[in-house]
Every structure is written in structure tokens, then in C-alpha cells.
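As C-alpha cells, the next two blocks hold two forms of the same chain, structure 1 and structure 2.
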Structure 1
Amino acid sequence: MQERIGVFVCKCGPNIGDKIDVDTIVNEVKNIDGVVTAKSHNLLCSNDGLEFLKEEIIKGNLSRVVVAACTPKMYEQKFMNTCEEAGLNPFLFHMTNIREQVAWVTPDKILATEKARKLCLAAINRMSFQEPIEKKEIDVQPDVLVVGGGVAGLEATLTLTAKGRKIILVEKDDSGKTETTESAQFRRVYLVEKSPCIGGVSARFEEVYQTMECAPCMLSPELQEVLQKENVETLTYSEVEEIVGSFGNFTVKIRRKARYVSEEACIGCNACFEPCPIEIPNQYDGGLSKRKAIYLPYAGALPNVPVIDRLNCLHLNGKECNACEQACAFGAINFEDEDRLIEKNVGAIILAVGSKLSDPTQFPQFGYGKYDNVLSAIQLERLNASNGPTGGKILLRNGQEPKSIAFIYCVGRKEKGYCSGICCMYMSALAHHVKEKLPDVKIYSFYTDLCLPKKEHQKIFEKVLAKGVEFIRSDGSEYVDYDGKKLIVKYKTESSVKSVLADMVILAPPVEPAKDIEKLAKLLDIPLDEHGFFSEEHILMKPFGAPLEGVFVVGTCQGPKDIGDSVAQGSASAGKILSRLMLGEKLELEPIVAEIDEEICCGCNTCIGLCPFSAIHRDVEKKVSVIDDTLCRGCGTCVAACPTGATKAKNFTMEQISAEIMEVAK
């Protein structure tokens, strides 16, 4: 069938009209085979112009439309909508730019007209190969998997489940009678946390900057809400084992590790702790206190259901002991408990698995692990905490109060190659707390660079300065020695090597990725950055979207950040999901994608590894490559690479581009 092409050249007032001889072009293209209408308009993007375009399409029964005007970046969508209103598939329209790329850059009218003419001919030539593209929608699973129960994961969970949606369904039966049914739909969130309790690292901190607020108190309402929410399933002591599928429809396998304590039966009286004969260092306190084999990481941890540590429990290691079982009045202890694998379907995944502070023994120059009173910041944090090993007193290992403390910032920064960005503040906050408790203690703060970017930071720093903390800038080559009585901190300034004596040294080691990151990255086939954190899709524009559609990397697993920033990302990722995975609605897919003709594909696998969005996989049975159009973004890299021509880039096909080349190359 012969196409009925309409060509519309916009004069854009004088912008194009004065620079290009529009009438000459219109008169020439009129005579091209297939062109049934060619007209100019003074301002096609105006309401008048759009109405004119619509009428022309309908009146001329046009099957293809070319608009030569300004950059498609401005009004392409508007024109496409107009085509649609006129009953024409918007992809049967093509726009060519004769304003920004011709009229405005070519002062000579003859040359400008010639260039515009070529571009118009190219667009017209393309028309024979233009194909309608139908918008595709898929059913989606609105539920979400959140991995990691720290502040970022909690915030995401609460934002996602804040509100359900009432769905009103109106149905007409054959007799014409309408029946209205109302139903409420809620989005479920599966919150998977590896440790026995939720709250993450933040819950360890007695007082956090910038507010100097007690973090557990600050978090408690959120934790309670998450645990009580009907549409949140909190799966603590659990790990993700397998993820398949794509945006809108992932299937996730989760391992629920045996807790040996029934979550239903346990009332959280903690009567089982005392009789347990095992004592091991409590990592939660930085190893400063002891815990039992049946334990909660800290008093008040939520959910308030202990776990039995299977490595250390006597009973689980074949010894005769059932002390906890006897102590439990509710029959909650179950030594027969086993790991369970459960499966969930979700539409999107938020990874919020956090980070950890590096083990300072990696940096031996500071004597951590060698000298008793060299502590990491997190250990000082616990000493300072009222529920910590010393009941909140700052004490040396020998039980005495320190007279002088050296804080060393920027530990391992050189080795790691990045600034963790939070240490300056938490070290200042710690110095502040120590000064409150021990006003006479002498504090030295060694730093290489200070990082005080936020609006409250400067103030806290100044407060600490005012309290008499001495800040000493060194070149990052501090070294800790011990003379039998005191710790000696040697440091270098620009001019000389100096040293100070101190009773206690506090290290601020770098924030580094949590162990699980690598495993999750493999499960999802998403990249890590050079430091081992999750890579974001775009550091500025998509700072928490993983390069896989529907997967978000929020909080410190994406890079070191403070509580506020983590919460913001958690919330923002939830927003992204809420705006795309609507309850009761379908997911509209990107129309310009690539597709593979399996009748042509030879199964050479060339394309699979090229896709930056992991949208291509091999169909093992058919021995061909298959594109998942929920993941494809239409860049066309695979199309160019396909050696057989089986892969087609919609709206940018070989034929379409060739047709353009043919005209502009002349």
C-alpha cells in the first residue's frame, strides 16, 4: 500500500522563516512519490499549529507525518500526542531539526536551505520504513523486598507501606446491571535482616550527631511500627539465597536460619540467658563485654526473641546441656529447629545491607590489638553507652579514668583511597561526650583533613574546639608506641616529627562494605565499585538506582554516609517504586527497545555480555538470545553488534537509518 505522507515545515516565526527558504522546500517535497500534503506553518507548536496538524492528519488520511521544526527535545512529545489524538500511531511520525541545527548555525540562506532540504528528504525517505510501536504493559507484583534492617531499610519499608489503595471495580453483567465491588489493596514488604534484630548499626549509638540524640530512642517508634505493621513481614536472622526475574516480577528465595527459639512462643523475658554456661565476647560491644550462647545482641533489641548461636551452644554441639530449655517457662526453646527456605514474589528490590568499620588491625602502625588502650571508635561508643560494658563510664582497661586521650582521624584513608565522610563528625561527637563526662581529660585530635560539609557540622566542631580539644594537623603518618606506662603518638607536621603521650588512643577506621555485598552483587549480577561498595547507576542523577532496573542500592552499602543521608535514600528509593509499581495498575514499558528475531538469531552469544542492563539472556533450549523488554532501554548497542542482523532497534532500524544516510550523504 502506498503511504500517505504529510510533511509540515514550521517557520517558527522568523527563527526558521527568515533563515531558510521554507516555500522552496515545501514545493519540492510536494512532488515526492507518496507525499500527499506538504505545508508550512508559522508556529506549529502553538495551539493553533497543533490543531492545524491534527486536522491535516485527519483530513488527508495521513499514514505518515514528518515535521521539520525545532529540536525534538522540545516538542517531539507534543507532536506525537497530536498524532495520537488524530488516530495515528505516534511512531509513524518523525521530526527533523531545522532550527537549532540548521537555521541558527548557518548564516547563509542558500546553504541553510540546502541543508534543511536534505534533512527533510532524509526524514521523508525514512517514512517507508517507519513502523507503529504499541505501548506495552505488563502485570506487576507491587510487593517489595528490602534487604537490611538498618535506618535506610526501615525508612524504605515504612514509606512503601504507609498507605494502601482502595480499588473500586465496576462490572457490567450481560443484562446491563452494574455491580460495584470495593477492595483494599496493600503492598507487602518483606524485610530481610541477617542479624537477629533490626535497627542496624545506628541502634548501637547512645548519642548521634548532629542532634546528640539517643539513637535507640530515636529509632524505637520506627522499629515498633515495622514489627507491628500487618503488611510488613520482618524476616530477621535470614539471608537472600537466590533472585531471578526482572523489574516487576522477581522471585526471591530466602533462607530463614534456625533460631532454636520459637518466635511465636517466646515472650522475651530473657530468663534463658542467665543459666547458659557459655560466655563469649560480644561483638556488638566491640568485644568489650561477654554474651551467652543464647542471646540478644543488646538489651532492648527488637524483635525481642533471642537466638541460640549454633557454633557455641553446648547442646547443639553434642554436649549435654539444656539449661535454657529448663529455664524457659513457655516451651519456646526448640533444639530441633532447622533452616527453612521460603520463596517470595516481589516487583522491586531495595538493598540496604549497610557497611562496617574496618578492623583497625589492618593498619598495624596504630598498635590496635597490641596495646590494651588503643580502641576503635565503636568501642569508645560502647564505653560511653549507659547499656555498655562499663555502664557508661569511660575507663581504661585497668579500671582507671584516662587523663589524656589521643583521637586519630583518617585512619586507613590513604590505604583505602577514599574519605569516609562521617568520622570527623562522630569523633567530634565522641570527644564532646568524653569531655562532658571527664571535663579535665586532655584530648588531642589528629587529622589529615577535616570533612565538615553539612550545615550543622561546623557548629559541632566549634563546640568541641571550645571545650579545649586540641586539633593537630598531621600528614597522616601517625604511629603509636608504648613506653610501658603511656601510649606515645608520634606524628609528622610539615616541618618536624613530634609526639604526645596519652593514656588512651581512639581510632576512626574507614567505613568499608559489609561482607554480604559481594554475594548479593553476584546474585543480581550488578557491579561493585572499586572500593567494593555497590555501584550506582549514575553518581549524580541516579545515585541510588542500581544499574539493574527495579533494584536500588541505598544507605551505606552504596558508599559511606550518615544516618540522615541513608534515611533520605531509603525514602527516595521507596518513592521511585511507589511511582512505578502502582497498586492495581500495570507497568508501562519503554517503547523504544531492541528485539531479536529468533528465526534469524544463530545463538552466538555476542550480544549477551554487551548489555549494560543485563537485559539479554540465552534461551538454552532454543539456542537463541532473548531480550527482556522490561529491562531493555533501547540503546541499540546489541543491535549494532549482532552479526546476523537478527536484532532490531525499534524506531532506529537498519533500514530507517540507511534511508536517512542515503539522502544526507548525497
Structure 2
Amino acid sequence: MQERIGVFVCKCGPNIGDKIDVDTIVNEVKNIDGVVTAKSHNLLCSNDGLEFLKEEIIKGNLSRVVVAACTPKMYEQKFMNTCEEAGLNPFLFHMTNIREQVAWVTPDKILATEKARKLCLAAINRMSFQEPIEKKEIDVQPDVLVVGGGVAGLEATLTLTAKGRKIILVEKDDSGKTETTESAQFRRVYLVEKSPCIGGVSARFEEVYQTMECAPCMLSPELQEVLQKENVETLTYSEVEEIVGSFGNFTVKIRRKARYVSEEACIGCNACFEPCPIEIPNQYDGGLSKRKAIYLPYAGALPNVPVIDRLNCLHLNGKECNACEQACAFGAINFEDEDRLIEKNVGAIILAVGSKLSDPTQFPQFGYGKYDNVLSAIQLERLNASNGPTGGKILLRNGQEPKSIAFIYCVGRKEKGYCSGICCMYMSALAHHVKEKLPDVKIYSFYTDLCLPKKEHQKIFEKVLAKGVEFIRSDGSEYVDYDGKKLIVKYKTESSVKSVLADMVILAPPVEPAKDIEKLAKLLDIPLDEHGFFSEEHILMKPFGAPLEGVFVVGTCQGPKDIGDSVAQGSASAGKILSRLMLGEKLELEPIVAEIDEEICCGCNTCIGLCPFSAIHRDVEKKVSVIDDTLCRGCGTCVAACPTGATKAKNFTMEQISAEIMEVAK
């Protein structure tokens, strides 16, 4: 059966009409075999033009359509939709660009007309190799996995579960009677947090910049809302073990570690703490306080259910002790508890696993771990916190108030090779807090560069200056010594070597990737950047998307950032998911994907390693590569790399492209 091709040339007003002899082209293509209609239109992309195109397709019973107009980037999808409305498979349409590629760059009208003519002929020649492509839809799982219970993960969770959706089903019975049913569906979110409580690093602060607001007061309503939402399952003290699948249909295995305390029976009375005979340094307070083997990370932690440290509990290590069990009046202690592996099905994944501050012992020149009163910024945060080891008092190890404090910025910046961007502000905020509690303390702030990028930052910096904090610019080679009574900070300026005496030294180590990042990167095949953070899909256009569709990296696991930026990314990633994973609807797959001819494939696996979307896997039995249509985005990387030509891209086959090239080359 001979194809019935329609060719339509747009004049685009004067853009094409004044530079190209459109009538000459139309008259020539009319005589080509298979072309049954060839017409021009002044503005084909207008509503009148689209209606004209639709009518011509129906009237001419066209089996293929060529449009010569402007850039396909702007209007190809609109023309394809019109073809579909007219009953024509949209992939039996082809668009060639004679505006940007010809009219706008070729001043000679005769040459421009000839170039446009060749492009039109090339498009017509290609059409004989064009094949219809059917769109595919799959059922999707609208539930979402959020990994990480810090501010980014909390915001994503609350955004995702803000509202349910009413689903209206209209059905006809055998008699033709219409029945309408209505139901409400709700998206579930599984919030997985590795620690015993949610809130992340921010929950350990007393006040946060830019607002100098009480962090626990700010976070508590969100923490309570997440824990009380019926469509949120909060899995604390849990870790992701395995992830398989693709956007819309991921299967996730989560290990719920044994807590040894029943979350249902425990009322959070804390009566079990005091009898426990074990005391170890509390990591949540930076080692400045002690905790028991059964503990809450800090006062006010949520959920308010303690956990037993299996490494330090006497009973769990085979010794005679059940002090906590005897103290519990509610039977909440369960020494027989075991780790459980649970499985969840989700449609999308948000990774918000946060980051950590580098261990200052990596930088021995500052005396951290050697001298008592050399502390990290997080340790000062805990001293300042009302639920911290000193009840909010800034004290030296001997219990006295410091008379002088040296803040050292940019610790480890040279070694790490990047600026964390938030250290200048959180150190300035800490200086502000210290001055509020100890107005007479002398504070020296040593910096190499000041990073104050946001509009509110300068105001905070000026407040700190007004309180008498002395900023000293050095070359970044500070060294901390001790004379038996005072800490000595030695530093270099452009002209000399100097030193100051201080009772306390506070270090601002760089933000670095959390331990979980490498494990999750392997599970989801997400690349890491040179510093070990998750790499975003595109630093400008998709700053929190991962290469694997349906996976998002938000907050500080993607790079150092403050609370506001983390919250914004958490909310934005949730918005992306809400716009595509619709309750009660199917997911339309990318139609123009690659395919592999198993008879030609040699099983070299070249394509598997090159695929940026992890869409290709090896069939072990057949010893060939197989493409997952749900993951493929039709980028063509595998097609270009295949040594045998077994891989082809739908709608961009070698035959189609060659047909165009051969016509242009005549």
C-alpha cells in the first residue's frame, strides 16, 4: 500500500516567507511519488493553522505528514498532538527546520530556497522508513520513600502528604445504566531515619541563623505532625538495605534495627535511665556528657522512646543485668527483640541523608583532642543548648566561664579543597550567642575569606561587629599551642607572625559527606562528585535530580547548604513527584527509546557501563543486553557505542537518518 504523504510549509509571516520562495518548494514536492497534498500556510502554529492541518489530514486520509517550519524545540509536540487528534499516529509526523537553519542564516534568497528545498526532500525521503510507535502506560505506586529525617526530609514528607485526592469512577452496567463511585486516596510516605530520633543536626541547635530563632521551637510542630500523620510511617533506627526497580515501581528493603524497647508500650517516663550502671560518652553532645546504655539522644528527642545500645548493654553481652527491665512499670523492655527486614513498594525516592562535620583530629595543628578547651563548633552548639550538657551555660572543662575565646574559621579548607559556604555564618551566629550570655568575653575570629552570600548575612555580621567581636584575617596557617594556663593561637598576616591568648578555641571544620552516601550511591548507581557528595543531574536545570528518574538528592547530602536551602530542595523535590506520580493515574513512558536486536548483540556489555540512566542490564541466560523501557530516556548513548549495530533508537534509526543525509548530499 502506497503511503499518502502530506507536506505543509509554513511562511512564519515574514520570517520564512520573505527569505524563501515557499511556492516554488510547494510546487516541486507535489510531483514526488507518495505526496498527495502539498500546501503552504502563513502561520501554521496558530490556532487557525493547527485546525487547517487537522482538516487536511482527515480530508486527505494522510498516512504521513511533513511540516517545514521553525525549530522543532518549540512546536513539534503541538503538531504531533494535532496529528493524534486527526487520527494519525503522532510518530508518523516529521518536522524540518527551515527558519533557524535556513531563513535566518542565509541572506541570498535563491540559496535559501535551494537549501529549504533539499531539507524538505530529505524529510519526505525519511518518511518511507518512519514507523508508528505506540505509547506505553504502566501502573504506578504513588507512595514515596524519604531517606533521612532532617529538615529536608521532613519538609518533603509534609509536602507529599499535605492532601489526599478524590477519585471518581464512572462505570456502566450490562443494562447501560451509569454508576458513579467516589473514593478518597492518600499517598503514603515511608520516612526512614538511621538514628533513634528525627530532626537531624538542626534539632541539636539552640538557635539558628538567619532568624536567630529557637531551633527546637521551630522544629517541634513539624516533628509532631510527621509522627502523628496517619499516612506517614516513620521508621527510626532503620537503614535501607536494597533498592531495585524504576520510577513508579521501586521495591525497597529496610532493616529495622532492634530497639529493645517497645514503641507501643513505652510512655517516655525515662525511669529506666538511672538504674543502668553503664556510662559512656554521648556522641550527640560531642562527647561533652555521659549517657547510659539505654538512652535518648538528647532531652526532647522525638519519638520519645529510648533505645538500648547493644554494644554496651551488659545484658545483651551475656552479663547479669536487667536493671532497666525492673525499673519499667509498663513492660516496655524486650531483650528478645531482633532486627527485622521489611519490604515497601514506592514510586519515587528522596535521599536526604544529610552530612557531617569533619573530625577535627584530622588537622592536628589545632590541638583538638590534645588540649581540653579546643572544641568543635557542634560542641559549642551543645554547650549553648538548654538541653545540652551544661544546661545552656558556656563553660570551660573546669566549670569556669571563659574570659576569651578564639574562633578559627576555614579549618581544613586547604585539605578538603572546597569552601563549605555556611561556616562563616554559623560561627558568627555562635559568637552572637556567646556574647548574649557572656557580654564581657573577648572573642577573636580568625578567617581567610568571609562568605556572606545572602541578604540577611551582612546584618548578622554587622551585629557581631557591633558586639565587639574582633575579626582577624590570616593566611589560613593558624596553629594552637598551650602554655600550661592559656591556649595560644599563632597566626600569620601579610606582614608578620602574631599570636593571641585564649581560654577556649572553637574550630569550624568543613562539612563532608555522611557515611550513608557511598552505600546509597551504589544501590542506585548515583555518581558522587570529587568531594564525595551526590552529583545532581544538572547543576543548573536539575539541581536536585539524580540520573535515575524518580530519585532526588536534597539537602546537604548533595553539598553544604543552610537550613533554608535544604527546606526549599525538600519541598521542590516533593513537588516534582506530585506532578508526575498522580494518585489513580497511570504513568506514560518515554516512547522514543532504544531497543536491542538480540540476534546481533554480542554481549560485550559496552552499553551497560555507558548508560547514564542505568536502563540496561545483562540477561545472564541469553548473554545479551536488555533495555528497561521504564528507565530509558532515548538519549542514544548506547546506539553510538554499540560495536555491532544491535542497538537502535526508535524514530532515529540508521535507515531514517541515512535517508535524510543521502537526499541532502545529492
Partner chain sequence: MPKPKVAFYWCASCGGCEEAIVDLNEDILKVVELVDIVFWPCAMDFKYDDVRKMKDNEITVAFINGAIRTDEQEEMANLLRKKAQIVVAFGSCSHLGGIPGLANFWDRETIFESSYGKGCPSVDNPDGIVPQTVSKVPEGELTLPAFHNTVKSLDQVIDVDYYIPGCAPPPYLTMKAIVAILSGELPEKGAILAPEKTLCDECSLNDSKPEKISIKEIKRISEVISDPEKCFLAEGVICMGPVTRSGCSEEGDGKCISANMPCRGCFGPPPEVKDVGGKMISALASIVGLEGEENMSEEDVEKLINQIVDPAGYFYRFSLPTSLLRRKRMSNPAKEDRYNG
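Not measured: the values here are computed from a predicted model. Each residue is numbered by where it sits in the sequence of structure 1, with counting from 1. Note that the rigid core is defined as the largest set of C-alphas that superpose within 1.5 Å between two forms.
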#### Entry: Panel number for the form predicted alone
2
### Query
After superposition on the rigid core, does the Cα atom of G603 shift by at least 2 Å between structures 1 and 2?
yes
### Query
By the 2 angstroms cut-off, has the C-alpha of I616 moved between structures 1 and 2 once the rigid core is superposed?
no
### C-alpha of S658 moved at least 2 Å between structures 1 and 2 on rigid core
no
### Task
Determine, in Å, the CA shift of D48 between structures 1 and 2 after the rigid core is used for superposition.
2.5
